[in-house]
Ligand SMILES: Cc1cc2nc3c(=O)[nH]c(=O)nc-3n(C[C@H](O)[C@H](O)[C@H](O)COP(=O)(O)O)c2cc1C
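Next up: just one chain, as structure tokens, the form predicted alone.
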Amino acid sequence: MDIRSAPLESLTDAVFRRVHHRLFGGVEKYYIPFVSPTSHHCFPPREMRAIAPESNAGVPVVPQVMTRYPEHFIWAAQEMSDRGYDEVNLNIGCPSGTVTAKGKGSALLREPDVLRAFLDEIFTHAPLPISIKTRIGFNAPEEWGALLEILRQYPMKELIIHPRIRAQFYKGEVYPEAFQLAAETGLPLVYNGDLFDLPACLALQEKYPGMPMMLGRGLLANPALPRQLKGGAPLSVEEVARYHDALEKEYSAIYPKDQVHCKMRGIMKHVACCFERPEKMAKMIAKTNPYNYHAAVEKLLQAPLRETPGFVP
């Protein structure tokens, strides 16, 4: 079973990737949250650290690039090639308002002619195989047919589809019929969206046997989910404790106390969804400060795990 880790900005960083790969495994590719090359053709220090090979040593990673300018993407792809990567991922799915206001991410989906010209350039000149992560439209699912007709013209390595429109952000129902339309094209697809727990993943595999799956919030909540999907053991409270301590140790070697707390809180409020009374537990972690955080985690670890651990929206 081919399982991917979605790029979640500020959450699935290099520390998360290293610790998860070491303690749980089961993930074929971890996608590095997007970098955005500038007109000066450079990356800021934070992004340089994220894509540095030494930050991802031993971890199977794919860098992701987000821009509206083909020349910037081509430059970034060359930088990734120079660092030894063998694939680059284009993000045309991010729904963030600060991103779309700059014409990037899912904003390209509302400009089909601009998107086509962009893809013409990068598929002609980029030095690496390109995969694409997309949504099915900007304002309406009816946009998907025309967008899919554009996308299928290019020799992409994979097309990762989150079957929502930008206007939904991460809420509301997905559009399974949109994914089915893509499946009928024969494109190399990866499914992403609302794979929050084991039953959801198994249901997808029943409908699309062997379909690669990209897990986002479901993996962040239950780090053992990929292992369990491959027939391994389910998550245990003891593992959650070891995972927490390993993450905190690595973050503490890099960041001051306040930033460590921010990092840990962001991850652990997702993990809290795996415990009984998930909404209450997640809120308990989310409301902590650096001084009461560990008491809240200790209380969390005294609670039983849910029968089906996973993310609770």
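Don't overthink the numbering: it's just position in the shown sequence, from 1. What you are looking at is a predicted structure, and each value in this text was computed from that prediction instead of being measured.
Omitted here: the form predicted in complex with the ligand. The next part is about that form.
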(message) If the cut-off is 4.5 angstroms on heavy atoms, which of these, Leu305, Leu11, Ala296, Leu23, is the one near the ligand in the predicted complex?
(response) Leu11
(message) Just to confirm, with a 4.5 Å cut-off on non-hydrogen atoms, which of Ala224, Cys201, Met214, Leu151 contacts the ligand in the predicted complex?
(response) Met214
(message) Given the stretches 138-146, 78-86, 104-112, 189-197, which is the single one in contact with the ligand in the predicted complex, using a heavy atom cutoff of 4.5 Å?
(response) 189-197
(request) Report yes if any heavy atom of Arg166 sits within 4.5 Å of a heavy atom of the ligand in the predicted complex; otherwise report no. (result) no
(message) I'd like to know whether Ala6 contacts the ligand in the predicted complex, with contact meaning heavy atoms within 4.5 angstroms.
(response) yes
(message) I'd like to know whether Pro33 contacts the ligand in the predicted complex, with contact meaning heavy atoms within 4.5 angstroms.
(response) yes
(request) Spell out, yes or no, whether the shortest heavy atom distance between Gln64 and the ligand in the predicted complex is within 4.5 Å. (result) yes
(message) Just to make sure I understand: among 131-163, which residues lie within 4.5 Å of the ligand in the predicted complex, judging by heavy atoms?
(response) Lys133, His162
